[in-house]
Every structure is written in C-alpha cells, then in structure tokens.
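This document starts with one chain, in the form predicted alone, laid out as structure tokens.
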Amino acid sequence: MSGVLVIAEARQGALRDISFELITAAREISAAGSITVALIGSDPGLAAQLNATGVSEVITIASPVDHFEPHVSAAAVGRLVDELSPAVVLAGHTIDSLGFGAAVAAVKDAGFASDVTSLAWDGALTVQRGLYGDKFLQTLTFPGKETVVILVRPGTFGATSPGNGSANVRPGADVDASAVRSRHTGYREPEVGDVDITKADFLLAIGRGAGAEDESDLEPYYELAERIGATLVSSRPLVDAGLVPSARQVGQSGKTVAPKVYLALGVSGAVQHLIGMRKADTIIAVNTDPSAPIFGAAHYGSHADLSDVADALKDAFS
C-alpha cells in the first residue's frame, strides 16, 4: 500500500476550497507516495483545476445523478481503494464526506479519523485531532491498517493554487445507478456574514482584554483594522456578549483561519481559540499577562498594554 488518494469536492458546478486544501495536506505527507485526486460526479472539465503541483493523476468518475449522493461516493471511493491501494485517503471533514468516509473505512477495514488538524508521515501515518471541545489534542497512529481514511478539518491547510501541474487526467469507471439510495431536493445555503475571514491574509484579533462593554467600544479596533489593511476578528467571549458578529469568530466553535499574519490584541489564547488560528504564517501576540497561552503559539510577543500598541499602530499608519 502506498500513495495518497484525495477526494475532491464540488457543488453547483464549482470546486470547493477544501479540494485544494486537501492537496496541500497530501503534500505534507508526500513521503507516503504519489498523489492521486478523484473527482466524483461533477463536470470533468473541473479536473484541469485539480491538476495542481504535486499531483500525479486526476481521475474523473461519472455519477448517475447530477448532485452529491453519499452512496455513489462510497461506491466510487471503495472501488478506487481496491484499484489504487492507497496508504491514505484524504477527504474533508464536511457534510458531504461525513456521509461516506466512515462507511468506506468500515467496509474496507481501514483506519479512520475525523476532524484531523495535523498529519505527518514517517514510514506510517500519524495524525492529531481535538478532544473534548479541543481542550486536548489526541495523537493517533494506525498499526496494522494498510489504508487509513482521514477527514481533514476545513481551513487547517492553505489552499494550493489550481492548475500548474503535469498530472495525467483520465476517466475512471462509472458508478451504476443501483448505488443511488437518496433523493436530492435542493440546496439551502447558510446565511452569509458580512465578511469571509477564512480568505483574509491579515487578521487583527481582539479578545476579552479589549475591555469592550458596548459595540461602540470596538469602533477604534475596526478603524485600526481598516487603517493597517487587516480584517477584524475576535475570540468567543466578545461574540457570546453580542458585541461581534459570529461570522468574525475564530476558534473551535467559529472559523479556522490560516492568514499570512495574525495580530492578536488582548487574546488570552484558550486552546479552543488556538486550534482555529495556529496555522497562521506569523502570529503576533500582545497581552499584559506574560503567562497567557497565546504566547506559546506566537512567533512574536509583547507584554505591553494593547491600547498603547493600538495607538502606536494608528500613528505609524496615519
């Protein structure tokens, strides 16, 4: 058994970001072997985008229905496991993959882990995932399992650039209509917030240390974020207090982000928050408490008062 099989996701004619994040994750464990990407039941024309750097092969599989169907995906992935004998199968920890990932692992007697946030390969696969609301990190290995099915938390890995590769693109065997066991009735998308923080390169995070008691107390931080070219986000306490929209929350119960720069002002760094931002390229923390957990994740830190830092930034970017 060798190689990594990535299961891409598409919806309503477009590839989802998780598809490209999974390719990045696969490259993290490229020592496991070549990377194959499978696109099931979507427009084969999308395969060109999945032909990214590091991908050896893209396989398109036609579906008897024109929407996601978990039993069709389970049949297709099971057949690919038989054909390719991959060491690792990567899919997203998403509403789609949750419908077939564990089922494939059970049928194929494969290892399985969901909501994974870290992968490593040293002759065998090791992964990490959160436990008890991400208060603890669990490390898993899979002795005796020739294939392991992993569902990766969206937003954990940066998305690789589409295209730019030299992979072989080929059709796979179609899935028979007898595999279909559910009926699609339509899409109902979640309400969109005022901003998509997962796509921002520079995030200014504020926490309880901002001392806000009213939404108006946060106006200076919104202004600062705009002045320095950042997007304002927050930890959970400010969202729970109704001061910041939930669309701007970072953490286990919010969004997972991976910006180039994460500037945290007055964020203590509870593990639930850290799990949502620790993949940032550069983390800068400002907190008057020298023992704040945020400093354990930060690349740069200061024990200064966040108001002084905010004022200095305003002056520097005025």
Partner chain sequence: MKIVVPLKVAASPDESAKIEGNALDESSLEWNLNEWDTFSVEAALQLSEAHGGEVVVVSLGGDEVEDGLLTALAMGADRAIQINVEDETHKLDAISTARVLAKAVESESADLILCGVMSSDGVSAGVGTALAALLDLPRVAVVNHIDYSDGQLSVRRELEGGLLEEISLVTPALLTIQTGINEPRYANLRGIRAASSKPREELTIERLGLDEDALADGSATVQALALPPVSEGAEILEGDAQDVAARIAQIIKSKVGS
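Numbering follows the first chain given and starts at 1. The term rigid core refers to the most C-alpha atoms you can superpose between the two forms while keeping them within 1.5 Å. Keep in mind that this is a model prediction, so the values were computed, not measured.
Keep in mind that the form predicted in complex with its partner chain is not shown, yet the notes after this line are about it.
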(request) Would you mind picking the one in 178, 141, 216, 166 that has a heavy atom within 4.5 Å of its partner chain in the predicted bound form? (result) 141
(message) If the cut-off is 4.5 angstroms on heavy atoms, which of these, 146, 83, 226, 240, is the one near its partner chain in the predicted bound form?
(response) 240
(message) If we define contact as a non-hydrogen atom of the residue within 4.5 angstroms of the partner, is residue 71 a contact of its partner chain in the predicted bound form?
(response) yes
(message) Considering non-hydrogen atoms and a 4.5 Å limit, does its partner chain approach residue 232 in the predicted bound form?
(response) no
(request) Report whether the minimum heavy atom distance between residue 100 and its partner chain in the predicted bound form is within 4.5 Å. (result) yes
(message) Residue-level contact is defined here as any heavy atom of the residue lying within 4.5 Å of its partner chain in the predicted bound form; does residue 170 satisfy this criterion?
(response) no
(request) Look at the stretches 232 to 240, 83 to 91, 156 to 164, 170 to 178 and give the one with heavy atoms within 4.5 Å of its partner chain in the predicted bound form. (result) 232 to 240
(request) Determine the residues of 94 to 119 with a heavy atom within 4.5 Å of its partner chain in the predicted bound form and present them in sequence order; the list may be empty. (result) 94, 95, 96, 98, 99, 100, 102, 103, 105, 106, 107, 109, 110, 111, 112, 114, 115
(message) For a quick test of reading the superposition: does residue 238 move by 2 Å or more at the CA between this form and the one not shown, rigid core aligned?
(response) yes
(message) Please determine whether the C-alpha atom of residue 199 is displaced by 2 Å or more between this form and the one not shown following superposition on the rigid core.
(response) yes
(request) Once the core is aligned, please say if the CA of residue 106 is shifted by at least 2 angstroms between this form and the one not shown. (result) no
(request) Pin down for me whether the residue 293-residue 156 Cα distance shrinks or grows in the predicted bound form relative to this form (closer or farther, change of 3 Å or more). (result) closer
(request) Report the direction of the Cα distance change between residue 274 and residue 31 in the predicted bound form, compared with the displayed form, as closer or farther; the change is 3 Å or more. (result) farther
